[in-house]
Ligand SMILES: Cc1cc2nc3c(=O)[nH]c(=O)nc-3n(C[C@H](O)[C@H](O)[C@H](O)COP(=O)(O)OP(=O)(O)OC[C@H]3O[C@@H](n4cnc5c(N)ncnc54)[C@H](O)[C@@H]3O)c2cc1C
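Below sits a lone chain in structure tokens, taken as the form predicted on its own.
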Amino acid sequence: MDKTKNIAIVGAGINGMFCAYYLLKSGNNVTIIDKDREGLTSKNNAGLLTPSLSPIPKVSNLDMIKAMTIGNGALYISPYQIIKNSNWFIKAGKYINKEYNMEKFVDLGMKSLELYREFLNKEKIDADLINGVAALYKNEEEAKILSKKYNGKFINQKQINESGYQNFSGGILFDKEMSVNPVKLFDALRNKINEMGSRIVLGNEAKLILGQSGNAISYIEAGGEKIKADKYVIASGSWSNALSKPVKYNPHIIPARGFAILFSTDNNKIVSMPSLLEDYGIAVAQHNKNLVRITSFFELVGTKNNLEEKRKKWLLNIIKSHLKEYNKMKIISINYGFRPCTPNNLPVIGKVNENVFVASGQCRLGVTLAPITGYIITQLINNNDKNVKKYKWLENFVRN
């Protein structure tokens, strides 16, 4: 294995930072560049690490029609985006409601959770970890059927009500999966890679510059500075397409907008179980005694960042009807982020050309898959191909 390479990573979100973490651990020098100082997408998500639930939302043709016109609950697709990204939507149509080997994908996600636990324990990170995540349903029979399909534990209406929810008939508990506070995780991970010696360059847009041969990147230009490295990693989420253009590679990623509403609770226990409200596409978690995080929406609207009043009203009405102690909560802030989604909702991770690697496209499972993404990229860069061969069964996953 080659030692002490200089690595430049474009993207300082959770995925880019886990790439940096494992690269630093293996003895490399790392520079991370990002135009975003705050880590919006990495911080404004549910923090639910749940590989057992499919990364591809199950929708009917009628749901799709509604999503493209008036909007259908959490799902909305802008007609303009369909025209702008027609090839993406044509490809996406081939994968809607297809399972295609999800069991092995879940195995990969579970390996990522092992790496999470190892990271949190070894580095003594406090990220408000909660073991166990539930999926809640209005239809009890549906919950029973899916609990067997996903190897989860069925929970009844009484158990759900005791956890702070109401008006659900059944659910599935995944006791091996977990929830974290994404803000605390983000801040702790950034502090850790900074302590390990990573250079972090924020607030400047990066551009990859080809060398004279046209087959490899010569350097990154950011804020007037030329950053030269041996290897380059594109971990820039929804902006990965543009960054990949110089190497004539298209990861086929578009942004899916989501929102996170944070509530203070005045030290009241609102819910004791992080949950996905599966009938609505809404996630709920109380990370500590005074903070509840509600996340929702899967909107293909480009990079617009405003939450329309009617969409906000829909979300709050749902939450009010299903949280028993809703009246004890008060909105602190409304934030947004953009999930990087491929047509089949599966990641694009691996080698692009002579000295460029990509780590993006995790869509709804971006935080869940971050450690395994960083691990795989590190093995590829360190020429440990044998350590990633076992992951190659996943379509469109490891590119080498």
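These figures come from a predicted structure and were not determined experimentally. Numbers for residues come from their place in the sequence shown, where the first is 1.
Unshown form predicted in complex with this ligand; subsequent notes refer to it.
Participant: To test your reading of this chain, name the stretch in 143-151, 76-84, 169-177, 288-296 whose heavy atoms come within 4.5 Å of this ligand in the model of the complex.
Facilitator: Answer to the contact question: 288-296.
Participant: Test of understanding: in the model of the complex, would Ala46 fall inside 4.5 Å of this ligand by heavy atoms?
Facilitator: Yes.
Participant: Applying a 4.5 Å heavy atom distance criterion, does Glu205 contact this ligand in the model of the complex?
Facilitator: So Glu205 counts as contacting this ligand.
Participant: Taking heavy atoms only, is Leu346 within 4.5 angstroms of this ligand in the model of the complex?
Facilitator: Flag for Leu346 set to no.
Participant: Can any non-hydrogen atom of Val367 be found within 4.5 angstroms of this ligand in the model of the complex?
Facilitator: Residue-level check for Val367: yes, a contact with this ligand.
Participant: Can you pick out, from Gly164, Pro251, Pro255, Gly258, the residue that has a heavy atom within 4.5 Å of this ligand in the model of the complex?
Facilitator: Of the candidates Gly164, Pro251, Pro255, Gly258, Gly258 is the one lying within 4.5 Å of this ligand in the model of the complex.
Participant: Taking 4.5 Å between heavy atoms as the contact cutoff, choose which of Trp239, Phe263, Phe119, Trp88 touches this ligand in the model of the complex.
Facilitator: None of the other options qualify; the answer is Trp239.
Participant: What are the residues of 332-368, in order along the chain, with a heavy atom within 4.5 Å of this ligand in the model of the complex?
Facilitator: Going through 332-368 in order - heavy atoms within 4.5 Å of this ligand in the model of the complex - the hits are Gly337, Phe338, Arg339, Pro340, Gln362, Cys363, Arg364, Leu365, Gly366, Val367, Thr368.
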